[in-house]
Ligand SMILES: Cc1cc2nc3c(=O)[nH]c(=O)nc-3n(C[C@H](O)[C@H](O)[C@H](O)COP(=O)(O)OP(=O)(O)OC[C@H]3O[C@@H](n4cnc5c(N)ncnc54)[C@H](O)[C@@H]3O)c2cc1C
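Single chain ahead, by itself, as structure tokens, in the form predicted alone.
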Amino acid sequence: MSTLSHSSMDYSIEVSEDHEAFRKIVRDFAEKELAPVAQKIDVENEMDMGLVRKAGELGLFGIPFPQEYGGSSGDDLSLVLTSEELARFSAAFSAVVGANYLVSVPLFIFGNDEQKKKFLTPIARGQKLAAHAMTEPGTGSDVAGITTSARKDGQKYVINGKKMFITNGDKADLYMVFARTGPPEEGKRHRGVTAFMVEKGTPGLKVGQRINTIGLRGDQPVELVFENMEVPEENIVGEMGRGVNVALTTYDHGRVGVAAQGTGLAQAALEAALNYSTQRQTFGEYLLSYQQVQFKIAEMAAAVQTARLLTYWAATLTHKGTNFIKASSIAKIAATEAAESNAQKAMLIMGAYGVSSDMQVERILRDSQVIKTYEGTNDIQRLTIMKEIGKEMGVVG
């Protein structure tokens, strides 16, 4: 039995004129507004929140949602195009935008109508920022191992615990917090975790220390502390005790956005190397005239196109809702590792300029380390791929 695809139609990528028109809108914003401040964001390690608000006004926070919830009725490919174009200049900025979807997407899939109106709509309209709070000091990829607790008290829950590495945690107006409402069931560790919506300013919610990471400077993650934080019962998203399903579904949909970030970074590294090698001369010849440089450029171009095709393919399958989990994991591995590899090749071509902290290439390499890590490390993606292959072969449940 083939584990490559159930149908040759699974490999179709559906890009329309509307997609390209939308890309041009995002690219215009990225080139004119984001590019001039991208280096400043990284050096000062502070996000340009005015520009984030402009992105919200442009509709970049509600792309795949219906207009009734403040969205623009786009699709997953439109969302991928956005992440790619933004990451081409600033992966940190694309992360601020993308992190909102880790809350808005599960709200759309699992939330009731009242929750969608109250929480999803202002996020989609760019009026509020959101943060997804799952990771804990001792728990990363093993989401079933979280220890933050939620104890029922009448019509509310009292939450205690700590979260770490929370993107947008210091900027958010809304949080999706995962906590244990009950012990794991026998043989089912994932049972007993519940998702809650929490609003900024809720008593007992504290933003702790900022965690400085190697990349995505300007959107550094933070610690969140919950001390007897009371959340109303109606803020539960999805079924009680089935929060792990909410989280994993979110990651399955969001992973292709990280692949798009990788594609944008890989493209930026290629552009930097090309620009430098067509302007710099050595021994009376442009660098691009040397075969060893040509080989590196060719390999970088191949990596970009591979990453882009895999990412668009995964986004197309995600929109169809078929066979997309394996595809998005494949795309994340290929695209994020293309970003890293292209940055390294660009450094070799550009020499001292490549490793200078004043140049974009050095930032691309740092950013690539983070995107390889979050939303499931690349080794976790390899495990996911094998799990999906096992299902196709009928040997894994």
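From a predicted model like this one, the values you see are computed outputs, not experimental measurements. Counting begins at 1, following the sequence as shown.
One more form of this protein exists, namely the form predicted in complex with the named molecule; it is left out here, but the text below deals with it.
For the three residues Lys116, Thr121 and Gly126, a heavy atom within 4.5 Å of the named molecule turns up in the predicted complex in no case. Residue contact with the named molecule in the predicted complex: Ala133 places a heavy atom within 4.5 Å of it. When the named molecule is considered in the predicted complex, Phe165 lines it closely, a heavy atom lying within 4.5 Å. Remark: Tyr374 counts among the residues lining the named molecule in the predicted complex, judged by a heavy atom distance of 4.5 Å or less. Although the partner is absent here, Gly140 is a contact residue: one of its heavy atoms lies within 4.5 angstroms of the named molecule in the predicted complex.
In summary, the region of this chain contacting the named molecule in the predicted complex, judged by heavy atoms within 4.5 Å and restricted to 293-301, 317-325, 230-238, 165-173, corresponds to 165-173. Taking Ile380, Ile13, Ile25, Met386 one by one, only a single residue has any non-hydrogen atom within 4.5 Å of the named molecule in the predicted complex, and it is Ile380. Comment: the named molecule is not present in this chain, but in the predicted complex one of Val370, Val361, Leu60, Ile349 has a heavy atom within 4.5 Å of it, namely Val370.
Using a 4.5 Å cut-off on any heavy atom, the one residue of 214-251 that reaches the named molecule in the predicted complex is Pro221.
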